[in-house]
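Read the single chain below, which is given as structure tokens and is the form predicted on its own.
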């Protein structure tokens, strides 16, 4: 899917706060203009002062160009509190029929999506929770890529934003998670940085996986634990986002 209103490279190379300002002037879609106008904090801002939103998508596959978002879960939070009363969950109708493999994975069936809205019908509600907050995800290649492609299809332009990726933080904390060939032969296994396994290392409770809202809440809790154990509330957000 080609982008009808591509972002110039000169804008892409700006720091995120200045990039948001430039994108607010460049974008045509009102929902994106409002998103960028809500602003992005300075990279030097302590993470304790940054409003965040944990975001999770369930999808029909792993290729953003070939598959679709089928549910969205999000919950606003800070290092001090997770705002469960503002948590949101949507099931949305994918562009293509569900494959049985994905039904098995996330449990969303054809009956669930028959009456579900298209993503375009809930975009304003989704962005009402995203505006002014830094998204936090577990594996940025899903949420950032799928949202970008979905908006290109519906608005003719994509979206750019920094994310804090709790999986990337785990990868940074465990650079030697893959055993050597010799140790593999001796039975040593790789250390998993999947969401559930990462939570276990911090003593966080087990939650049922593959529900977008539950995974979003689980991601918010995981970031709080990572900051508590390995960083400081004064850590600049620019040291965490990618």
Partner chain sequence: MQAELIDIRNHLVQHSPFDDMPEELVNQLTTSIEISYVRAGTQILEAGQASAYMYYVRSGAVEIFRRSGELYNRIGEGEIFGQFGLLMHRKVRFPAKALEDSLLYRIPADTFHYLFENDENFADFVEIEDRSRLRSALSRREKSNELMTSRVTRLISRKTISAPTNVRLQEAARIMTDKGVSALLLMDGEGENARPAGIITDRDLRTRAVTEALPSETPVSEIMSEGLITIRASSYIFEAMLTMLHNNVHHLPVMDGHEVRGVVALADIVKYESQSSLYLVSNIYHQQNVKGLKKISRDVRDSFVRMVNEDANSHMIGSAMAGIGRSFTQRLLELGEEKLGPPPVPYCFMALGSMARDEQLVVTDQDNAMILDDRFVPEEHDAYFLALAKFVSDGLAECGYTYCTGDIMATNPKWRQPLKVWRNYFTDWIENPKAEALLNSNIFFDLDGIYGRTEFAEELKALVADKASNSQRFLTMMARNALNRTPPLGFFRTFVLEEDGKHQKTFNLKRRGTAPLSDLIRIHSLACGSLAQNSFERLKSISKTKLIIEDDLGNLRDALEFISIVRIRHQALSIEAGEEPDNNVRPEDLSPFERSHLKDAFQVVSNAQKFLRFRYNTQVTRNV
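Only a predicted model underlies this, so the values are computations on that prediction, with no experimental measurement involved. Numbering follows the first chain given and starts at 1.
One more form of this protein, predicted in complex with its partner chain, exists but is not displayed; see below.
Novice: Any chance residue 19 has a heavy atom within 4.5 Å of its partner chain in the predicted bound form?
Specialist: No, no contact at 4.5 Å.
Novice: Is it the case that residue 88, even though its partner is missing from this view, gets within 4.5 Å of its partner chain in the predicted bound form, heavy atoms only?
Specialist: Yes, residue 88 lies within 4.5 Å of its partner chain in the predicted bound form.
Novice: Can residue 11 be called a contact residue for its partner chain in the predicted bound form at 4.5 Å between heavy atoms?
Specialist: Residue-level check for residue 11: no, no contact with its partner chain.
Novice: Residue 225: heavy atom within 4.5 Å of its partner chain in the predicted bound form?
Specialist: Contact with its partner chain, yes.
Novice: In the predicted bound form, do 82, 205 and 208 all reach within 4.5 Å of its partner chain through at least one heavy atom apiece?
Specialist: Every residue of the spot touches its partner chain in the predicted bound form.
Novice: Exactly one stretch in 213 to 221, 52 to 60, 169 to 177, 30 to 38 has heavy atoms within 4.5 Å of its partner chain in the predicted bound form; which is it?
Specialist: Looking at the other structure, the answer is 213 to 221.
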